[in-house]
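Take a look at this single chain, the form predicted alone, given in structure tokens.
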Amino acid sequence: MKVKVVKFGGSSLADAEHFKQVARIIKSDPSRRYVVPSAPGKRFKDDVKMTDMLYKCYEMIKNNESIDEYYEKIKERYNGIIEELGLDFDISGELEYVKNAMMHRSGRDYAASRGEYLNSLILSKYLGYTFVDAENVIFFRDNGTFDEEKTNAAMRAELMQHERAVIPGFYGVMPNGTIKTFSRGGSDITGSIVARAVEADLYENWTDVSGFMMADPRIVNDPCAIETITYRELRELSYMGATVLHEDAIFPVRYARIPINIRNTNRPDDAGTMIVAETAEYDTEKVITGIAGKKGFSVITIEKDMMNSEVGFGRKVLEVLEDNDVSFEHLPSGIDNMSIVLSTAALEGKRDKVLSSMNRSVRADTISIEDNLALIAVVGRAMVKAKGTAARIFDAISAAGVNIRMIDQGSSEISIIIGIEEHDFDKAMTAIYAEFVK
């Protein structure tokens, strides 16, 4: 029998009606054997996500405030789901245990993780699947990094004992037994970990959109959906701001070459987007796969005559960043100049020190910094085969009256990065999309 791992986001499990829809989706395909749920998301626009409610409880306890009244809202939310599902399931003991553990300073990560934990208990009961607690099968090292090999072995050994199981997303355990979470949205990572462990044929990631769009729908009106995208393309787009899937969720399944299918819980008949290791297929008309971008960058420009012949120049520059715990995004350069593009936030409180240290280290002729830069990535596996793609991008931006501040293209030619002023961001995104999607 084929094996599918299915992960459902918070919007897919926000209330009892969504639970019923999720159950219908799972039961409609017998190969959907392992389920990874998120905590309940928003039920309506001004609602509060369960994870945020739990974070608030943690902050209230830290400030020596009573959480009795606020925690009742959490209990009501879960008990309401159970009641509306018609389940004979008393979760009051679990809810009380979680509250007491938080009161005894169990930590911020513990508080946040209980949203997934409690939701998984309810979903496993509703489905009739085995509940497998993530803290027994997902492990972190002492330094807080994810222990991939230990986790893979433990997860596989445990799940091979259960034909069908529900595993909470978002968290695991430290060597000292305390709960640790992945970064926000980390249930995507848990789903990927489970898929690798059981050698799944497919990892389905169910959310509230029908796959990846070619551009941000908040900027580009009604963008086309992406039918198929490679892991490399997805990595580029996720890094530059596309947020359907947590960017770190790619790696466990990428190693195992397991495809991911992004699906819409509210429109289960939509095919969604397939994420694959590689494919020779591409859209000959559109050429590009997608566009994504982010604001909030700065560029440090160093100018020095004969820079290209000075051995170790680049190393000296990068050592300054390393000494100040600052990473860079891009390093476009010329014969007598080098530009370092980095996050403006990463320079907070370090700006003067970084600039002065660089100046002393390389004895630059001039060194300057400019803020308010935005980066746009145009990504596509077909770009290397299509003549004039870069020219089309630059012409479209120019016709929109946007000045290009930086261009960076990797040797693989899978993406072209353009730096522009932040105030031109929406205009540039729209212009590029219109050039390739007629």
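Note that this is a predicted model, so its numbers are computed, not measured. Numbers for residues come from their place in the sequence shown, where the first is 1.
Missing here is the form predicted in complex with a small molecule; even so, the following discussion is about that form.
(request) Would you please decide whether T289 lies within 4.5 angstroms of the small molecule in the predicted bound form, comparing each non-hydrogen atom pair? (result) T289: no contact with the small molecule in the predicted bound form.
(message) Please tell me whether any heavy atom belonging to I376 falls inside 4.5 Å of a heavy atom of the small molecule, as the geometry stands in the predicted bound form.
(response) Heavy-atom contact with the small molecule at 4.5 Å: absent for I376.
(request) Decide whether E116 counts as a contact residue for the small molecule in the predicted bound form under a heavy atom distance cut-off of 4.5 Å. (result) Yes, E116 is a contact residue.
(message) At 4.5 Å between heavy atoms, is F170 in contact with the small molecule in the predicted bound form?
(response) F170: contacts the small molecule in the predicted bound form.
(request) Pick the stretch from 38 to 46, 387 to 395, 60 to 68, 401 to 409 whose residues have a heavy atom within 4.5 Å of the small molecule in the predicted bound form. (result) Among the candidates, contact is made by 38 to 46.
(message) Can you work out which of G186, G211, P259, P223 has a heavy atom no more than 4.5 Å from the small molecule in the predicted bound form?
(response) Of the candidates G186, G211, P259, P223, G186 is the one lying within 4.5 Å of the small molecule in the predicted bound form.
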